[in-house]
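Okay, here we've got a single chain as structure tokens, the form predicted on its own, with questions on binding and movement later.
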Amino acid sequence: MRKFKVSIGMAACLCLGIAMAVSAPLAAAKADYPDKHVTVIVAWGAGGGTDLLTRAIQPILSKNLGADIVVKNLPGAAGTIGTAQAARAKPDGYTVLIGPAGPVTTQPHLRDIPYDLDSFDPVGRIAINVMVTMSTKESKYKTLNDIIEGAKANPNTIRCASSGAGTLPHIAILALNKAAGIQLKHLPYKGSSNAVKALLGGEADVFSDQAQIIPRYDLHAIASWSAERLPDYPNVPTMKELGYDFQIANWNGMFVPRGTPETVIDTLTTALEKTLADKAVLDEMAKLKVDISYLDPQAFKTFAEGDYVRNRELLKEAGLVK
């Protein structure tokens, strides 16, 4: 039998060759992202504000990303169940979160949850939506004065739905209670779609949430929580006009788990930015009464961090945190 002597140099070359052979497919996999479907987690039920927005951009985002987009609704616990699952997903770009402010900038202040804002890397802000207080068209509560007078006459009887304890709709209820010296009955639901169902079914009297819900369910707009009247609702007064200087807005943005490669984030950012400039998406958003307000990853990071601090102060003022 012949014997072969392998020098240290030869061994090193062999090891290098093996390492290159192993790493080459990994590098190619990153370069080829995405090479399979991407799951977008929506931490709310189907038919809610965030779900409607996500499904409006889904087809064009899929085209621009070059991969199928699968929307996965994971509602519960004011959006924290789905958000927690997104936070612990593998940071490879195949699990993405599209969500509003509450789960990432409000809930971490209120409860012990396995994530925080810094558990995510921002991809981009999608839209910013002013809060609007609404009722059904058959409701006796057509104006803010109707609500306040009714609550003063019969405290804790006007039923106000929210998408969960500690969400922005809940904060809106607390703010109005404090400013007007009234007591509204809070009814927390698992997401805005369930809150709307309660409103339509007569379980709740009023609801405050994103404006796109109003045309979707043919609801009556009572007042907006914006600095000025909304162009789509010129006859709807602002809370400030009615004597309550509140401005509360919700936003939706795209996040990935912290540690996702920058190249993957860049790919997602490019696809998202292109999607939000697409005419079909712009038309669909106009139908939903959603104002696209894109921010790139760095600008969105700064914005979300500021919102995180502001919401903590709102919760402190409402007596929900120390």
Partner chain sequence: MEQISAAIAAAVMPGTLLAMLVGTVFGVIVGALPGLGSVLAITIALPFTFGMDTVPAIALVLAIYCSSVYGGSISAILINTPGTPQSAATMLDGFPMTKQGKVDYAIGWATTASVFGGIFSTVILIIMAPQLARFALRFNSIETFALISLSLTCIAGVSRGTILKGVIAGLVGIFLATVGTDPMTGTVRFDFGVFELTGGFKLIPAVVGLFAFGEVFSRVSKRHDASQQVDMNVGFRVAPLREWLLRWKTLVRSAVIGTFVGILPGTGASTASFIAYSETKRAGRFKEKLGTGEPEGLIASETSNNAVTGGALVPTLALGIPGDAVTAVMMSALIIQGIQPGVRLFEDNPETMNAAFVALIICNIMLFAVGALLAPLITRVLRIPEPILLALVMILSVVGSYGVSGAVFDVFVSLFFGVGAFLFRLCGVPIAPIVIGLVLGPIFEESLRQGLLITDGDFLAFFDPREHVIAFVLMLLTVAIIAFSTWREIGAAMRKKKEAT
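Positions refer to the first chain, counted from 1. Computed from a predicted structure; not experimentally measured. The term rigid core refers to the maximal set of C-alpha atoms that superpose within 1.5 Å between the two forms.
Here the subject shifts to the form predicted together with the partner chain, a form of this protein not shown in this document.
Contact check for Glu284: a heavy atom falls within 4.5 Å of the partner chain in the predicted complex. Although the partner is absent here, Pro237 sits far enough away that none of its heavy atoms falls within 4.5 Å of the partner chain in the predicted complex.
Residue contact with the partner chain in the predicted complex: Leu276 places no heavy atom within 4.5 Å of it. In the predicted complex, the partner chain sits beyond 4.5 Å of every heavy atom of Lys140. By the 4.5 Å heavy atom rule, the three marked residues Arg159, Asn194 and Asp218 all count as contacting the partner chain in the predicted complex.
When the partner chain is considered in the predicted complex, only one residue from Gly150, Gly93, Gly124, Pro75 comes within 4.5 Å through any heavy atom, namely Pro75. Residue Leu288 is the only one of Leu288, Val38, Ile265, Leu65 with a heavy atom lying within 4.5 Å of the partner chain in the predicted complex. Only one segment in the set 194-202, 221-229, 96-104, 239-247 has any non-hydrogen atom within 4.5 angstroms of the partner chain in the predicted complex, and it is 194-202. Residues Arg111, Ile113, Pro114 of 111-136 are found to place at least one heavy atom within 4.5 Å of the partner chain in the predicted complex.
Remark: with the core as the superposition reference, the CA shift of Gly191 between the shown form and the other one reaches 2 Å or more. After superposing the rigid core, the Cα of Gly202 is displaced by 2 Å or more between the shown form and the other one. Relative to the superposed core, Tyr233 undergoes a Cα shift of 2 Å or more between the shown form and the other one.
Cα of Leu184 to Cα of Asp307: at least 3 Å shorter in the predicted complex than in the shown structure.
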